[in-house]
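Here you get one chain, nothing else, as structure tokens; it is the form predicted alone.
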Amino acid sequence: MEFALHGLSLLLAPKVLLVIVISCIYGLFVGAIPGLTATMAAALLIPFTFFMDPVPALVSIVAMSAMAIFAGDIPAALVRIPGTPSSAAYTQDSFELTKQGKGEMVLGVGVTFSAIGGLMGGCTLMVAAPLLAELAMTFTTFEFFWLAALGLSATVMVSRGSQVKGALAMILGLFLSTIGVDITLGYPRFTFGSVELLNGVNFIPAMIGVFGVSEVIRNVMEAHVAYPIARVKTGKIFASIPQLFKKYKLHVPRSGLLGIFIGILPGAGADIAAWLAYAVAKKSSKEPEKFGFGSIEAIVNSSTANNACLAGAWVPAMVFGIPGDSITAIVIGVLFMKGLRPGPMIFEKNPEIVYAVYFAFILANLLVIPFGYLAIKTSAQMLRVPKKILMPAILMFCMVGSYAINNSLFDVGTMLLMGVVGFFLEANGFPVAPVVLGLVLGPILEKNFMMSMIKTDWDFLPFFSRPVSATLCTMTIIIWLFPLFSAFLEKAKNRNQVPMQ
């Protein structure tokens, strides 16, 4: 209770509250601009976090991401363009309902159920993280090796599009993580005589490039498509909420729990949670024919899941130091910059910061409703920001953020190069999140493997004989074999199918 009160007092400090308000406005703006993502917004926050204490630095990301995920619903409903990838699942339904004159109901549902999902995720984080931290205190290098392997495997498993392309993107990230001095032999690897590469590829400039610069290039390369902005009356935004909440009272906890589970799964993210919630809702719906043609049920389920996923992704990041999604990969970088090491010991050494993050999720999702209402009122103006102003500003922040980490132009070059790489990967259907997660998890995988080998004199048995290690190993192997098993079942189903006469 003492640490909880201390964390709450840190959160309620006037300076921190001001940071939260500014971050909320920033998140709403980014989320409402089609093409920009919450991940890119988090990457652009990095240079500002240099001048903050740990608590305001972390809660700024919490508040921004909660607002950005909801704000992506606004252009989805008004111009049929998802503001963030997590809104893509129900964009068509939102726009169809808006054309039917139900735009205020669509946005009211989006803001309300986003807040409910976020509160569910925040409460789960408060309960699950301390329990898992106690378990993580018993982990050794064997368990952390398999945990990193599980995270990398899950990253590929839940990648959008081809899993083969997801695996190749992850391998690229693993290769980048090997650049620098070998952690056991002290021998330079893939540095090509460059002194700057001896410390490896700094993953924060790489992450800013992959998620920030690549978005700038993509938006500049795409032709501008003008959509007629649908007008929404804002007088009765919340009028239908009680009736819908009563009608879908079982859907909300189901989608919230699904979103939390997807968030805890390393490498997934809010967009995966939204698509899965959409699919589950359609499969169990009494009106599946409405999905894709204006289903409010789809919006209720998906908007609950994608916000619940945000807090779930912080569980593996805080407890194990393994990012649950690309946003928490940035959070881990911020923690390291502040001299804090994510993992079970942060609950022992800095419990007040952990509690401040807990309460930040609760506060941010409570603020989603009033700030979301204001965003809906001003949505038409937010969507009219010209690219010729927005894109240069984003590129400038990317360059400033990369330079400020080590005051190095080399990091700026790394950021620009990774931005070009990220653009070409996405243009050819390769997901970029596995690249960043491979870059983050690669050193964890290698370090724990080499430490395990050294202390056991190259005995592989402890990797499989320890109970927790064996469980994580089994889960990892199941994920590896799942695509083969699915393909086998599909082939058997097609072979046994009798053609219709």
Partner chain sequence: MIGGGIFIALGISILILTIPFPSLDKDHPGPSLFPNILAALFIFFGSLLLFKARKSSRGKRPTEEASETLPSRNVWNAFFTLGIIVAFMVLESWLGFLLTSFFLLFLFMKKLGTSLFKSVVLSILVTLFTHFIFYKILRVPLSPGLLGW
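Residue numbers count along the first chain shown, from 1. Quick caveat: nothing in here was measured; it's all calculated off a predicted structure.
In what follows, reference is made to the form predicted in complex with the partner chain, a form of this protein that is not presented.
Engineer: Each of 92, 127 and 479 within 4.5 Å of the partner chain in the predicted complex, by any heavy atom, yes or no?
Structural biologist: No, the whole trio is out of contact, none within 4.5 Å by any heavy atom.
Engineer: Taking the partner chain in the predicted complex as the reference, which of 359, 261, 248, 175 has a non-hydrogen atom within 4.5 Å?
Structural biologist: It is 175.
Engineer: Could you tell me which one of 131, 345, 198, 409 places a heavy atom within 4.5 Å of the partner chain in the predicted complex?
Structural biologist: Of the candidates 131, 345, 198, 409, 409 is the one lying within 4.5 Å of the partner chain in the predicted complex.
Engineer: To test your reading of this chain, name the stretch in 420-428, 336-344, 135-143, 236-244 whose heavy atoms come within 4.5 Å of the partner chain in the predicted complex.
Structural biologist: Contact-bearing stretch, as computed: 420-428.
Engineer: Residue 53: heavy atom within 4.5 Å of the partner chain in the predicted complex?
Structural biologist: Looking in the predicted complex, residue contacts with the partner chain do not include residue 53, since no heavy atom lies within 4.5 Å.
Engineer: Do residue 184 and the partner chain come within 4.5 Å of each other in the predicted complex, heavy atoms counted?
Structural biologist: It does: once the partner chain is placed as it appears in the predicted complex, residue 184 has a heavy atom within 4.5 Å of it.
Engineer: Would you please decide whether residue 470 lies within 4.5 angstroms of the partner chain in the predicted complex, comparing each non-hydrogen atom pair?
Structural biologist: Close contact is absent here: in the predicted complex, residue 470 is far from the partner chain, nothing within 4.5 Å, heavy atoms only.
Engineer: Does the 4.5 Å heavy atom contact test between residue 189 and the partner chain in the predicted complex come out positive?
Structural biologist: Looking in the predicted complex, residue contacts with the partner chain include residue 189, since a heavy atom lies within 4.5 Å.
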